[in-house]
Structures are given as C-alpha cells and as structure tokens.
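Okay, here we've got a single chain as structure tokens, the form predicted on its own, with questions on binding and movement later.
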Amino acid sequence: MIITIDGKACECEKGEFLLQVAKRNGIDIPTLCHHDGLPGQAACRVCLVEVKDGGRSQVTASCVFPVDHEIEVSTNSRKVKEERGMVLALLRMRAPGSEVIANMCEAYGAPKIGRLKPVVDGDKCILCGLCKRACASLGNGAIETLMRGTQKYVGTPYDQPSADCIGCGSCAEVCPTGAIEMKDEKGVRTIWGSEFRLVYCRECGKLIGTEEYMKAAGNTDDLCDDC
C-alpha cells in the first residue's frame, strides 16, 4: 500500500501506525511520550499530523493512527502547527522545569499563555505514563500515579521507598523530560528515595545493574552480555 506523507510516496503495510511509516521513510514527527518499546500511548499529542481522506481532513496523533487505505498526510500544515504549538504551550505550563519541552516550544513556535500559571514551579513531569508502563512491564509496579486533578503526580506508594523497586532505572531511561532523578555515585544508585549497590562485570568492569536487578534477572555470575 502507498500513502503520501508531505508529498513523498511511502510504502506501508495495512494496520501500521503513521508514526512508524514516517520514521521509516526519514520523515521527522516530533514526539515526547512515544517509545518504540512501549508504543501506542497518544498521551502527549505532540506527534499531531493532518490526514486528508477524500474531501475530509482531520488532525490526529500519528502514533495511534493505523493506516488501512491510501491517504494523504501533512506533518507541518497550518492546522498542525497551530494545534501542536498549543499542545506544547500547555505542556510547558504542566512542566515548566523541563528544558526538553522549553526547547521544543522554541523550535515549533509554541505561543505564550499569559493567563495560566504553571501547575508546579520547576516540575518536569508531563504525566505521560511511560515510566509507569516501563516498571509494570518488568512485573514490578513500584511506581504509580498518585492524587487527582492538578495535584496528580507519579511516585512510590505513600512517597516511601518501595520494596518492589529493584533500582533498574528503566523509568528514568524512558522519561522524555528528565523528570526522574537517578544518581550513580561511588558504587551506589539512588532513585525514588532508595539506595542500591551497583554491580559491575567482573571481566570488563562494565556496569550491569543493581544487586536487586541482578537477582530478578537471574544473573548470578556477575558477567555482562558481552562477556
């Protein structure tokens, strides 16, 4: 099947998501909440595109739009620019402390919204849910979305060190805005208020993970994948 993205003919399979097709064809669509290992969120709405189908058009999130017939797509139309800019402006109010979002706002011309105040000064989290999904995919569920409304945030139960956390750092790695603080220092990893002893490969010295992660993964020989 052939669809057209920004005037370029792109081959795709039925059911593929637009974002996948665009990336494979070297067409850039900005994203925040998308991760190849945890697809299908549409939480941030930054990956908006305009889809023209016959005489109709709609602006939609490309990461969850499946292609099932020939369509024409624009990633940078006037409608897309306006709506993406407003989405980024609102995300900036949600996470005013994020340098990533600030840079995207500048790059994509997000408007200033003077009548609104930041939800939490210095906050970096956009509540995309990637960290929670990454943790759940490992079977741990050490972090959750807490509170409601404008007070909602991601953390450990009762903001106490979680017995389920293995310090793997997956949540910090998938976070698109740098909201999760993780520090590796002097052989100790600190994350979510807990400390974990780091384990290094006994052959090459490469960092493998924490003791808790090694135990969960069944790695008892202290060797990295390369060794």
Partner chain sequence: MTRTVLVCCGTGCLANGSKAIADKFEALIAEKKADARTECFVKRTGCNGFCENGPLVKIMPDDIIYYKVKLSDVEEIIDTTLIGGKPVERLLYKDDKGRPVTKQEENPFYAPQLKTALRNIGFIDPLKVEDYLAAGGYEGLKKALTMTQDEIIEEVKQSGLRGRGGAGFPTWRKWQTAREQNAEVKYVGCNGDEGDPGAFMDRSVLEGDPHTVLEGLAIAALAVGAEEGFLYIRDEYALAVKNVTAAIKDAEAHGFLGDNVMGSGRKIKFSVVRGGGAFVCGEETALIASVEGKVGEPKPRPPFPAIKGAFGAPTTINNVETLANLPVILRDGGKKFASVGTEGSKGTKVFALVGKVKRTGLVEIPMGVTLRHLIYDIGGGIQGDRPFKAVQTGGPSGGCIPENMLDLPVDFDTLKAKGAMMGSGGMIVMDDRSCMVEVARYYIEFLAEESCGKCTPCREGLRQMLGILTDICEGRGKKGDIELLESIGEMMQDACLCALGKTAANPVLTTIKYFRDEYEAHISGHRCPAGVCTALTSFKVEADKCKGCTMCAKACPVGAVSGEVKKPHKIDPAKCIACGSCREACRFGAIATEGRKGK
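Only a predicted model underlies this, so the values are computations on that prediction, with no experimental measurement involved. Positions refer to the first chain, counted from 1.
There is another form of the same protein, the form predicted together with the partner chain; it is not shown, and what comes next is about it.
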Checklist entry - So in the model of the complex, are 189, 210 and 223 all sitting within 4.5 Å of the partner chain, heavy atoms only? => result no
Checklist entry - Is residue 168 close to the partner chain in the model of the complex, meaning a heavy atom pair under 4.5 Å apart or at it? => result no
Checklist entry - Just to confirm, residue 124 within 4.5 Å of the partner chain in the model of the complex by heavy atoms? => result no
Checklist entry - Just to confirm, residue 72 within 4.5 Å of the partner chain in the model of the complex by heavy atoms? => result no
Item to check | Any non-hydrogen atom of residue 103 within 4.5 angstroms of the partner chain in the model of the complex | outcome: no
Checklist entry - Among 66, 193, 37, 178, which has at least one heavy atom within 4.5 Å of the partner chain in the model of the complex? => result 66
Checklist entry - Though the partner chain is not shown, can you say which of 27, 42, 199, 174 has a heavy atom within 4.5 Å of it in the model of the complex? => result 42
Item to check | Contact set, 169-199 vs the partner chain in the model of the complex - heavy atom within 4.5 angstroms | outcome: none
